[in-house]
Each structure stands twice: as structure tokens, then as C-alpha cells.
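One chain comes next, on its own, written as C-alpha cells: the form predicted on its own.
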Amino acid sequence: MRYLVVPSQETEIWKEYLISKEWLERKYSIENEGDKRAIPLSKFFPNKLPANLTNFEIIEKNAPIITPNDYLGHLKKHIGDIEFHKFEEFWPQSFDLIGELVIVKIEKEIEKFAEEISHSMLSQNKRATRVFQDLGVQGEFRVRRLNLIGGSKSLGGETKVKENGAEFVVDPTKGYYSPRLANERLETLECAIYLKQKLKRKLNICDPYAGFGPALMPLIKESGLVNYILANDLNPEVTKILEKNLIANNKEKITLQIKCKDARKLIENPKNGGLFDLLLVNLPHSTIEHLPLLVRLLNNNSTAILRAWSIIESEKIKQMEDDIKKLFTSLKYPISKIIVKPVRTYSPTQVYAKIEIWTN
């Protein structure tokens, strides 16, 4: 690699001059050369030294190794410029990093490069040990079908994640988990703390669609917040992990009950009716349909909170709010506050909406 050696105080002058001639090699940085500076020269710099540069020395030295700053840089290095640019429009621009797992969607046009993509992602993300291709949602429990394209098969799909001060296990090959909802779960903690202060006692909390328990983890970690938790999930594989997570994080010896059943049947146990101060409902495709059988779990003798999430047509948000008000009125739950607002876009016409209702 050729470098032009110039006095330190003239570095910017000659750098700008080389740029104007397309003679600066932008991939590399300017290096120290004793008390002078060595400016990297591009392949367009002439072999014969231009007259105005004859007072300066040209040296040959090894250029520093450039470390790619994203997985695409690693990928380009693996497959070469020609193949990289040929399929440039198809390379994944985003992916989920869940603990030690990378989950990525790959267009069919570049599936033949799955191994190279996984190798590049593992090279960029030193914490990652496995890369899964996301093949879409399937089955009764709407689990993502994940194909391992990089890393050890013996490790399976389990991984530990840290979120909102808690550590717990998830397995995206068995159930749903999204790190993108961490802020929503933090808001749930803030609501619970405020409610506890208002009621002046510990809370009874129900999560009928608990999954691996990410919404419950920060709640049970908060000192003096929770009295009793009923956690439920219909998926037996997920429920096993949910139970382990709750037990591992239950340092305050909170009373726990873990169920694996249709959440709509929880109300069939008369002890559950009107028991809970905080009810979480996160089954986005069916939340509104299931609410009539879940609302009655809420305490009707003091302030209680429902926090729910639903996927809905963006133009129907006002209608959904009106329908929820009618439901609570019909069940004799007075509403002191209701919030229904989009959290993020789900599709061109649909939004992922948050529902928060305070009763008194």
C-alpha cells in the first residue's frame, strides 16, 4: 500500500488535494510516520510522482486490517464484491438478537447464501452462538418455525435473556418472545408500583397468556410489590419454562400458581372471580374476543388495572374503545381512565395497539 508522507501541519491541505484528484484511499486512515503523517493513496494515484509532490516521500507499508462494522461487511468479505452487489437488494437489513440467538428472515432469492449469512452474523455478534432462519408462524400456538442455519444443533433453542433487571430463559422454537416489547413490560411495572401505592398493599396479579413470563419477571423482582401471581399458558412446553423462570426469580417467596389451560376457563374457578388487581392480556390476535371472559377476574371493590394488547385495523381504534367501554359497563366495572393507542405498525392497515383501563 502506497502512502504520501507530508508534514503534520500540512496534512489537511494535502488530504483535500488528493480527494480532489480521487487519489485518496478512503478505506484506510492516515497513519503516523515519525513526526509526519502518511496519507493512503488510491489505485488511481500515478506511478510517476506529480511535479508538485516531488518534495514528498512515497513509502510502501502494510495497510491496517479493516474490521467490518456490520454483518454485511463480513458477508461481502466472504462472498466477494460481485456476488454481494448482484443480490444487494435482498440481504436482510434487520434481525432479532435474543440472548445468544440470531433470528433472521431470508428471501428465497438468497437462500443459497444461508450458510454465509449465518457465518457473517456470528462473526459480527460475538455473543451469538446460533442463527435461525425464520420460516413464519405455524400451529395452534403460533410458534415461529425456525431452521438452524448456523451454530451447534446440540444447543437447541433455549437461551437466557436479560430484560428490565431480570434474567430468564426463553426458547423461540417452542413459544413466542419479542425483545421489542421490553418497554411495554417496563410500563407495566410502573403501573403496578403506582397501583400498590394507591391501594397501600401488595398486589394480586394474573397473566393468562404469560408465555415464558417476561411481563412477570420485573414484577416479582420488585421488592414488596406482589402478594400472589396466577400465571397461565396454553402451551405445555412453554409452561414448563415459565414455571422454572418464576421459581428462579421468586426471591421474596411470593405465592405462585402456574396453570396450563385455556385462559377463558380461569374464571370457572370461583376463587379467581374479582381477585386480581392487575390483569395482563397479551394475545394480540384474540384479545378482544377473549376479554368478556377475562374482565371478571378483575377486583371490583377497589381500583384495578387491565393492560392488554391487540392487533387491529387502524381505522377501528375508536370503535374498539367504545366496545370495551360497553363491555366494562355491562359487567358493572366503572372506568376511571381508558387508553387505547397504537404502539407500532403491524401491517399496512393494522396496528399493534395498547389498551390500558383503570377501574375504581
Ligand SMILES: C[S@@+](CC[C@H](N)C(=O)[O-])C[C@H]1O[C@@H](n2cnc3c(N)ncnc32)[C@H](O)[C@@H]1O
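Note that residue numbering follows the sequence shown and begins at 1. Computed from a prediction, not measured in an experiment: that's the story for all the values here.
A second form of this protein, the form predicted in complex with the named molecule, is not displayed here; the remarks below concern that form.
- Contact annotation: the named molecule lies within 4.5 Å of heavy atoms from the stretch 230-238 in the model of the complex, the single such stretch among 100-108, 71-79, 113-121, 230-238.
- Of the residues given (K202, K244, K261, R145), K261 alone sits with a heavy atom within 4.5 Å of the named molecule in the model of the complex.
- Only one of the listed residues (P172, G150, P284, P218) places a non-hydrogen atom within 4.5 angstroms of the named molecule in the model of the complex, and that residue is P284.
- Taking the partner from the other structure, the named molecule in the model of the complex has a heavy atom within 4.5 Å of a heavy atom of R185.
- Not displayed here, the named molecule is approached by F141 to within 4.5 Å at the level of heavy atoms in the model of the complex.
- Contact check for H290: a heavy atom falls within 4.5 Å of the named molecule in the model of the complex.
- Shown alone here, F95 lies farther than 4.5 Å from the named molecule in the model of the complex, counting heavy atoms only.
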